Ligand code: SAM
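Shown here is one chain on its own, the form predicted on its own, set out as structure tokens.
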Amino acid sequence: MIKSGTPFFPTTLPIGTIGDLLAGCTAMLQSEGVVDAQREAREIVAAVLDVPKFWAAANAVADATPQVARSVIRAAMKRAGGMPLAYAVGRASFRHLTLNVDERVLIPRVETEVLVDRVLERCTPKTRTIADIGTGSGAIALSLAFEGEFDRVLATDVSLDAVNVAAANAASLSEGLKSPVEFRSGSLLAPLRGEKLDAIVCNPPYISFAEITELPADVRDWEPSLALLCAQGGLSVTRELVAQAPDGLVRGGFLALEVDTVRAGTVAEMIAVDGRYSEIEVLLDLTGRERFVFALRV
């Protein structure tokens, strides 16, 4: 018996081909009120098969093996039940990488892809050791290691679960990485005490506890609150990192932060007041919103 509220996949529907599988998944997602169900069905099939998103529609007559059908149906049922798509399929694309993700880590966002761009633009041959603070799935650290050549990429997270996810992603991507990556568990820069860093990058939690009801349900109810929310109006983690970073950065090294548009100016002012930074910049995301703050260690 299907429990009330549990998405039901019609067992009488043929699933011999990819097209049949797409049609069944689309119908189930639509019945549960998922917006743009057809697109999400294609993305589920593509993620399970590890192929481009357009592949399923272009290969509708291809056979779907029972194993593929089971995996696709299982993911579609999770998505129909409200689970974010990335968690339902267990994978998320980030820049040139495909990362394994689950409810232990934040789902990587396109805004953070832009942060990596801005960091790589500022790296020089003298940027040899770079740290990713609050690494989560390892998206930033692994992208830097994949696209840039550094002596070391160091990554920390206060969540041991997140460190385990990131380390597993590093292991699966190891053959393509240009730089060695090391993961350490602990709060902010504490695990890197004594290290001399040429750059520090961080996408900290910046949503205040008062704003939790404003978050979309698939974020609020599924993604780890430790990676989303923090005290002092969403600024406590950022404030602590701004205070700690000069002790770890070499002179001329840079701090790169992802923030939200509401707090970008406040974070820039916070850095300026510290007195140990110069050349403070507020940069825009792809939609023209203030999203990133960069500063040099004097």
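Just count from 1 along the sequence shown to find any residue number. On a predicted model such as this, the values are computed, not experimentally measured, just so you know.
Note that the form predicted together with this ligand isn't included here; everything after this is about it.
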query	finding
135, 188 and 203 all contacting this ligand in the model of the complex, non-hydrogen atom within 4.5 Å	yes
In the model of the complex, segment of 79-87, 145-153, 169-177, 223-231 with a heavy atom within 4.5 Å of this ligand	223-231
Listed residue that, although this ligand is not shown, lies within 4.5 Å of it in the model of the complex (heavy atoms), from 139, 75, 130, 119	139
Interface residue in the model of the complex among 106, 192, 97, 114, criterion: non-hydrogen atom within 4.5 angstroms of this ligand	106
Residue 158: touches this ligand in the model of the complex, heavy atom cutoff 4.5 angstroms	yes
Non-hydrogen atom contact residue 69 with this ligand in the model of the complex at 4.5 angstroms	no
Contact of residue 237 with this ligand in the model of the complex (heavy atom, 4.5 Å)	yes
